[in-house]
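This text opens with one protein chain seen in two forms, each one given by itself as structure tokens under the names structure 1 and structure 2.
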Structure 1
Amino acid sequence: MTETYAVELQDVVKQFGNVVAVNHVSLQIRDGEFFSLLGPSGCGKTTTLRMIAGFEMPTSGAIYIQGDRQGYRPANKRPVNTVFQNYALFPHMTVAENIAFGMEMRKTPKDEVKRRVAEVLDMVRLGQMANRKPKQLSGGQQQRIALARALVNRPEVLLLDEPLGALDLKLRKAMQIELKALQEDVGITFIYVTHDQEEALTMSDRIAVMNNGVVHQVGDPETIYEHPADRFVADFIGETNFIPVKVVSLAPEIVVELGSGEKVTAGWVEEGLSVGDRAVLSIRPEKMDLLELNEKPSNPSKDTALVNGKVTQLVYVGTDTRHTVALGDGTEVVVRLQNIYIGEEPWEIGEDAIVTWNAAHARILKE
């Protein structure tokens, strides 16, 4: 290997009987990176994490940590620690005793144990909680103690398996920011498993989107959201409209035809599509706008889509209003318009409208 990564997976496969849980996954995770494995339940993300930790062994392929091939090395011999959704704190021990437990099992000198426990308690801003029992702590505080217990061992990589899943929504959002700030402070590699798209986008430097044991795309949050590689990624990350189309041209520009016969251009087409193929146009609701019929420009730019529709539903959600619009072939799309004008005349159900978007935001994907 020409470069040493914090963690590298090379063509890793994991089978349980006839079930392939992880299917030829290769990943390179950098030092000091907050890297998330994101996907629906059963996609293989937790199995991947457990193989890095040493709780499961690959059926084939290789796992390296800091350039060192792990082979069949057991979990307690690997330079990683894991934080689970169930924090597994010992209820009869104080916070300090919970954090110190692992070091005491390794016969670490008492003075060093005391010093390192104090350091990590300050790191997670719970220095005043050292003598409390876990039942005296809130869910967020217990989560931070579980992190402190993992960090006190100074792992080269910290593995986190949906550690915020047991928290309520408001606390979970607050802890996302705290956890990212903590990772930046300590500077070690975090590998984080989650099924929550917003959580991954909020905290990650890069994300691997998985489904059915396969990695569909790896990239930073903006790339994953703005430039999904295929329909699964576009559908799983955020909200997306999929409009059935036929590919009319790929050069010099990408042109597709909607079911209504209207033609629009697009900014990107998935590899493998050819002229004449059926496909879908993917466009985010917030990238779209609505115009009244009399606002339709007489000489529009070729990069501006203008498609006839009829408003069929309005849902006010505070920051914006979700407008459901039926296109000429009956396909319904959602257009999200921010509520920024006081006294603005709202659209009415049944009203004709022009749905518009910039071609650069449209991606043509396989069905």
Structure 2
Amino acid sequence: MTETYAVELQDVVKQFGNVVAVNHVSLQIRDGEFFSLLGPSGCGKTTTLRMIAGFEMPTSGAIYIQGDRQGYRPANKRPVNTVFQNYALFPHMTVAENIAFGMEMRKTPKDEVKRRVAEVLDMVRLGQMANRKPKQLSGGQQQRIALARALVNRPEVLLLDEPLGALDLKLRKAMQIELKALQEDVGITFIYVTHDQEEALTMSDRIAVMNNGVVHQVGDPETIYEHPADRFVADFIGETNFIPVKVVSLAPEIVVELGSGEKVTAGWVEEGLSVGDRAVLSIRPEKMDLLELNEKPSNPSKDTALVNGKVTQLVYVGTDTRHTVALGDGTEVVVRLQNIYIGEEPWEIGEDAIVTWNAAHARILKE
């Protein structure tokens, strides 16, 4: 028997006129998972969420919630609830009335409604706000009420559409932690739409990175960051260097040639690349180090890349310093060095240096 997922999308396509918003997306979201849809605006993440909620119907493909095919089932008949980006609290109702709305529609007994409203208000620590109108609350409070209004219905899956987008940075950080703790507490599957990669990395169990209606990679935060599947993911998540290279060999080890003619090995190569192809070597700035010319190891391991360069720019950013280094062919790379060295002479602009990294951190991706 196959596993039943909280939400499963099978080859889902959504077209608006001639525009393909979601292009053959398949996802399996597990029970109790904090799953993020991450991508730039217009990548189809919100449309995907809206199709799960039932606000949009797929042009083709199928959506299952707890193994149950949704088809054209309208939003009000789906076992999911949504937290909207603008909260969408009913302005003519009090906080308590807002929260009770879903239960009222499902004809929950009055005393139970009352009890659960009080409970959930307690959970989001806004018990004393029950009789206020949404307009009388701050943004952060409204956000928590929107969350309470959805959670009180104990949905199979909670859908969140950039729920923290309207909050200021400090509040957003606090809410990220609160949301994650809440999710672990209630054990409900969260599907979380965001364009903020840091938010996704911090909160998610797994992330689907989307662009132009296509899912580029699905994985846990560490996999997404450390092992990006393609150039888009590497570029969108965190900071990365792309060094233009030519593939020299794929086996027994992956070897590429830099513009300067220097050859280095790499830990991984994207499928579809063959010897002689032009590609990019992707490596994170914090995975690299700089050596003085006289520090060059005499007998380096073959996994250690050693490439000549010249320091062209230094930017001090507190925890570390960003060293921009021009390689032999003029390609500039950023090397982030933590400011932990005492008494060591800092690098100077114009100084020759050897850029070094471990081959395992270098990934060869299509251009």
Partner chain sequence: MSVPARFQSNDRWQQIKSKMGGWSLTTYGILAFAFLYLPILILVIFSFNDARSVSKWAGFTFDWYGKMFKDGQILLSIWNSLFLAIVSTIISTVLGTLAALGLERYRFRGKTAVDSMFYLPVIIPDIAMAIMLLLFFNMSGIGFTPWKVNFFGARLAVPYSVIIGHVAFNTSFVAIVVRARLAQMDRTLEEAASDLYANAWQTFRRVTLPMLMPGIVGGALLAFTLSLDDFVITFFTSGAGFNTLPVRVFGMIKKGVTPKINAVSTLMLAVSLTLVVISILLSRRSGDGDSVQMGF
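Each form is matched to the other, and the largest set of C-alpha atoms that superpose within 1.5 Å is called the rigid core. Note that the structure is predicted; figures quoted are calculated from it, not measured. For numbering, take structure 1's sequence and count from 1.
In this comparison the chain labelled structure 1 is the form predicted on its own, and the other chain is not. The candidate at the hinge, the spot where one rigid part hands over to the other between structures 1 and 2, is Q85 among D196, E104, V214, Q85. Relative to the larger rigid part, the smaller one has turned by 15° between structures 1 and 2, according to C-alpha superposition. Once the core of the two forms is superposed, the Cα of K133 has moved 4.1 Å between structures 1 and 2.
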